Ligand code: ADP
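To begin, one chain is listed below as structure tokens, in the form predicted alone.
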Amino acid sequence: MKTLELINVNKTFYTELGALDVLDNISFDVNEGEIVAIVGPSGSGKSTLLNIISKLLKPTSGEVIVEGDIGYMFQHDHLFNWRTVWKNILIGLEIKKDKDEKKRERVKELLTKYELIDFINNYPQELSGGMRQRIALIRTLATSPNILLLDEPFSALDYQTRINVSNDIYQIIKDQKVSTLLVTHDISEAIGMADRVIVLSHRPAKLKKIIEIKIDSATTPLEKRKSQEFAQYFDVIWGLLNEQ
């Protein structure tokens, strides 16, 4: 079942200097429970795509079909320093005036499973960057979205923390079976996290190729990085990104 489908999506921004074409006829889908990564050169319109999917922007033409609700996790965690971890996590449910106790119990189960339950009365500034990102993801999942949009979610973290957090977040996403679209500039991250990788061209972004990642011997992003197939996928994607 398709959770998300883009059909011939185009985006042009109009400024005082004229028209700026950003997206050129983009079509792809995300299946239920699948993680799809988008990579492309800087300024190729990756974040613009997420903003169109989340309805923060309208496409100039084309169609976006979303089955259910969207959860959007940005590059920075955007946790409120004056609210405790628990109150940060519940903010989406508060906004929706959703008092479903089952959703709160589910959040507590996630916090317990990923060893964060002891920090629910702490404030964000008391946590490490990796913990903040895990909390931000659980906050996004609290409203039970059908599809999760991740915009460079690990880019503010140091390299070691980034790998550890990507492992944890991958596991949370797969455990919850939530369809996910990940935007990243990191090829290794895309291969490690994704079931498929979409490669975009320079602006205006065209869809160059969709690569299915099959590494049967690995079950986590870190294990994928250690596999023989990893380097082959990396070389293919690197080559596509550097084609003129």
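If you're wondering where the values come from, they're calculated on a predicted model, not measured in any experiment. Heads up: residue numbers just count along the shown sequence, starting at 1.
Below, we refer to the form predicted in complex with the named molecule, which is not included among the displayed structures.
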Evaluate residue 228 for contact with the named molecule in the model of the complex, applying a 4.5 angstroms cut-off between non-hydrogen atoms, and reply yes or no.
no
Contact of residue 33 with the named molecule in the model of the complex (heavy atom, 4.5 Å):
no
Non-hydrogen atom contact residue 176 with the named molecule in the model of the complex at 4.5 angstroms:
no
Taking 4.5 angstroms as the cut-off for heavy atoms, does residue 46 touch the named molecule in the model of the complex?
yes
Using a 4.5 Å heavy atom cut-off, indicate which stretch of 214 to 222, 38 to 46, 189 to 197, 59 to 67 touches the named molecule in the model of the complex.
38 to 46
Are there residues in 202 to 222 with a heavy atom within 4.5 Å of the named molecule in the model of the complex, and which are they, in order?
203
